[in-house]
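As structure tokens, one chain now follows by itself in the form predicted alone.
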């Protein structure tokens, strides 16, 4: 028997042994659980919700009686205007509900009502951009207060979501995707978090002489 055939026999024997161990483990687990169905070794107890904001709706502009939100047993639901009818004439985007709401606001096509009771009340608009440097090579984040304060009052975000103090807020993409910080609105009632929208926030390019920052370990023990 040549060397190649010996190796094939050894591999086959090892595979059979592993299969036997796994099968025995399933039988033992099934007996311990008292169930007829063997317990799958890779069974997951719960679904991972980390990327919930990345899930795309099949029809983001479905009429109220088909969107799964409104009560179809209520006759008034069928009297509501479908979104596609309401959005006619508004500037388009390729994400979210496919409407560029900021552009519509800037063009005067819409005017959000600032006060529920007083239609003449004017918004308190703060035209201030906040730049948040990003350690990675992606562009830095620019947060525009103007576009937000034309829709929302300061107390919608401060201080419950963001503490109005420099360096007091730790923001990262993990928190945003889990529906925290910016994710309280984005991915729900504002444009979603997906690859098409990265540049809407990461909009300030790094300087030409930018270099990745050194880690704390490197700073404490620099390479000699």
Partner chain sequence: MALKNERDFAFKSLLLGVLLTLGLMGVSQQSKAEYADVVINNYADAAGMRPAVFPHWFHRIRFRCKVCHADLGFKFKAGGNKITMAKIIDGQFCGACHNGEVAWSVENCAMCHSGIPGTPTHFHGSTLQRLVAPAYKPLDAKKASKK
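Fair warning: this is a prediction, and the values are worked out from it, not measured in the lab. Numbering follows the first chain given and starts at 1. The term rigid core refers to the most C-alpha atoms you can superpose between the two forms while keeping them within 1.5 Å.
The following text describes the form predicted together with the partner chain, which does not appear among the structures shown.
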query	finding
The partner chain contact in the predicted complex: residue 137, any heavy atom under 4.5 Å	no
The partner chain contact in the predicted complex: residue 143, any heavy atom under 4.5 Å	no
Contact of residue 166 with the partner chain in the predicted complex (heavy atom, 4.5 Å)	no
Residue 161, heavy atom within 4.5 angstroms of the partner chain in the predicted complex	yes
Complete contact of 76, 105 and 190 with the partner chain in the predicted complex (any heavy atom, 4.5 Å)	yes
Partner contacts for 84-113, taking the partner chain in the predicted complex and a 4.5 Å heavy atom cut-off	86, 87, 96, 97, 101, 105, 110, 111, 112, 113
Residue 185 C-alpha relocation of at least 2 Å between the shown form and the other one, rigid core basis	no
Yes/no, residue 62 Cα shift of 2 Å or more between the shown form and the other one with rigid core fixed	yes
